[in-house]
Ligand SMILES: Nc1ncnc2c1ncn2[C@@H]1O[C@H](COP(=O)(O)OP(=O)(O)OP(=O)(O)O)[C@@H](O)[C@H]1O
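Below, in structure tokens: the form predicted on its own, a single chain.
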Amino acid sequence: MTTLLADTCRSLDKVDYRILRLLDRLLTQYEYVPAEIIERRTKIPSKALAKRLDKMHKLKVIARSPAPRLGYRLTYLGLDCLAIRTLVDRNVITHLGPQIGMGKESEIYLAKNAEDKVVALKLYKIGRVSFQKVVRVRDYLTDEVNWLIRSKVAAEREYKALLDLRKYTKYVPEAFGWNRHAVVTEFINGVELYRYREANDPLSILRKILEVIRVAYNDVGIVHGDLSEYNVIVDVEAGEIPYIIDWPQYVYRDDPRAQELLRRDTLYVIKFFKRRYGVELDVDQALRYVKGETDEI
């Protein structure tokens, strides 16, 4: 998959990317952009344009509309190439590495930045979950009808949340860049919490997670809203340091649902640590802690 993505990006020239950028700009106006609109906007002669569009369709970076009216739309692969090209042009990344993860809503790749440091490239692909799941968990997206736009909104929210959170806590990945549906972050060489069975100091891990919930609520003014063992990565080699990921569904502290979600996030992680590691904390005391009402936990 890495070879396919990298090779596809390299196979596109400047004119191809100009067409992709046009389709990207017109996402909110057309389901399929009519061929005559593409020709008029790009000023590419019709025969040359038809040849390019046919090549790009075969590469699967664009999709062709059903007959009778000919039109084209951007695909996720096309959006991948646009985002990666922009991140390379901005020197946020210089190399694309292997794919290391695939979730319901994203794909994760290794990459390298200008300092030759390994980073993580996250490509949001919101359409992998059902519409009902998106509405329930990602309800900030319900006004958008296009999956590509939904994914771009998710990436922007993730990037901005991580930037704000890193001002107050080191237990979230550092964010280095963002474009369209792509976010570049610090690569955490760890294990997902749900896979981590034999913790040496589970109480310390839990306290750090609760610290992030507290910082997010009191200093940044947001609530994660979907916190579980699936979006915590533990860096074992660094001494069981947890990193909380997947922030785009956050709600603001003054949102009517914030208190309910804050309690749910807190209760869920406490229950998980009790079930998995036998660690017990008083939920009400933990809630007072994450709300900033007490420093004791």
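So that there is no doubt, residue numbering starts at 1 and follows the sequence shown. The structure displayed is predicted, hence computed values, not measured ones.
The discussion below concerns the form predicted together with this ligand, not included here.
Put simply, D201 is far from this ligand in the predicted complex: not one heavy atom of it is within 4.5 Å. Among heavy atoms of G101, some come within 4.5 Å of this ligand in the predicted complex.
Remark: R150 does not count among the residues lining this ligand in the predicted complex, judged by a heavy atom distance of 4.5 Å or less. Taking the partner from the other structure, this ligand in the predicted complex has no heavy atom within 4.5 Å of any heavy atom of Y196. Comment: this ligand is not present in this chain, but in the predicted complex one of V251, I233, I44, L53 has a heavy atom within 4.5 Å of it, namely I233. Between the options T185, N179, T169, T75, the residue in contact with this ligand in the predicted complex by a heavy atom within 4.5 angstroms is T185. No residue of the trio L5, L12 and D16 has any heavy atom within 4.5 Å of this ligand in the predicted complex. The partner is not drawn, yet in the predicted complex one stretch among 105-113, 215-223, 67-75, 86-94 has residues with heavy atoms inside 4.5 Å of this ligand: 105-113. Within 4.5 angstroms of this ligand in the predicted complex, the stretch 236-269 places a non-hydrogen atom from each of I245, D246, taken in sequence order.
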